[in-house]
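Only one chain is included here, represented as structure tokens and corresponding to the form predicted alone.
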């Protein structure tokens, strides 16, 4: 998308309340025709940036401009004509009808004591149709659900006919259907030329609907970039202290963030390493539980794009990287064998084996003296034409421990580590 007119500009701006700065040295722009999402930890200053544009927070330094005009030069009514706001928690103090509530959005366009015109009422009716709230027109807002009230608040903001729309967790009180309805509408408004600046806590929604995303953390704003660049595993770990898998959603193609574990729940690795033969997501639950137990893992050779590659990488496991859909060649298998030989023990997860990955199993059986096998090697699991079954039988003959579940595998591994530490102690 080619950048449109700059409608919001923060230039080395410091914003806060009174003399207290919340966000410092913020520099970014918002263009007509785009959605910029603000994401970050609670109390990082995301909502404060929105309030700075409406006069609800103070600009303590630097410059903030709306549609090319310094914010300080705009009166409250002028700002209200340019900027519509959908707050996180709408309030219904008085028993206005839904129609009257939405029509209040026309106030910035009225003179003092001026009544609504037919055109004003038509604008309000149109936005109520857009937001699926026309059926509520004669209801009083103090009797409505939080979700209906939130959609009416969106309608009221749109009734202002703003050039800039500010969303402060606008879908917080909506069910899935209406969340998508509102955000799809916002996307269409942006595509038609409106500029949207939105605070998101749901990273998947931020990635799906935003053109660019800015990280707000520790009193700073990182320049907005594409969702793919803004939300990667390292950023999620650093900003939110969460280990996560970040991958394209197979349906929407947008970035999807799957949290694995909080950083605070992951012990510093002090045991192991333990070799984990896995792939296609079969090792993900066990890798997580090993990390929480403070056990370092080495995963053998895995292809980029494999679920276990992503999970293991997010948790700091050692991995021999293969290209997407790559096969383990002699060089990769030698590296895996070396890593497994240096491991305290190895576990073979419920992974299917074929020509591409049987090298991991062979490396574990031939180099690890202590093996834990999960499940059984059946015809439905052996796609190698026989070598995987032969290696499985070889491991059993050598005294491998056999378990049925990941939980039993973890118990066996931790018990082996305890025994080893007692002997060394």
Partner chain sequence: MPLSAGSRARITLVSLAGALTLAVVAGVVFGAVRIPVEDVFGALWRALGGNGGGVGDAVIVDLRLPRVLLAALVGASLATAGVLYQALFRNALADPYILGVSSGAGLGATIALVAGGTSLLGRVVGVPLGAFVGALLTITLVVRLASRAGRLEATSLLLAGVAVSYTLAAVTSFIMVFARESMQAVVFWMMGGLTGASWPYVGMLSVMLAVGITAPLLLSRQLDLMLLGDERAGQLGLDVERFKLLALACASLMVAGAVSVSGLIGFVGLMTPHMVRLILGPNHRVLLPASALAGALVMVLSDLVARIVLAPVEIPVGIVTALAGGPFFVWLLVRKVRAR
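Keep in mind that what you see is a predicted model, and the values were worked out from it rather than measured. Residue numbers count along the first chain shown, from 1.
Heads up, the form predicted in complex with its partner chain isn't pictured, but that's what we're talking about next.
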Q) Taking 177, 179 and 256 together, does each of them reach its partner chain in the predicted bound form with some heavy atom inside 4.5 Å? A) no
Q. Of the residues 161, 321, 77, 226, which one places a heavy atom within 4.5 Å of its partner chain in the predicted bound form?
A. 77
Q. Pick from 210, 171, 131, 156: which has a non-hydrogen atom within 4.5 Å of its partner chain in the predicted bound form?
A. 156
Q.
Based on heavy atom distances of 4.5 Å or less, which listed stretch (110 to 118, 215 to 223, 309 to 317, 344 to 352) is in contact with its partner chain in the predicted bound form?
A. 110 to 118
Q.
With the partner left out here, check for me: in the predicted bound form, does some heavy atom of residue 51 sit within 4.5 Å of its partner chain?
A. yes
(Q) Although the partner isn't part of this model, could you tell me whether residue 105 comes within 4.5 Å of its partner chain in the predicted bound form, counting any heavy atom of the residue? (A) yes
Q: Verify the contact flag for residue 123: yes if a non-hydrogen atom of it lies within 4.5 Å of a non-hydrogen atom of its partner chain in the predicted bound form, no if not.
A: no
Q.
Within 4.5 Å, heavy atoms only: does residue 325 come near its partner chain in the predicted bound form?
A. no
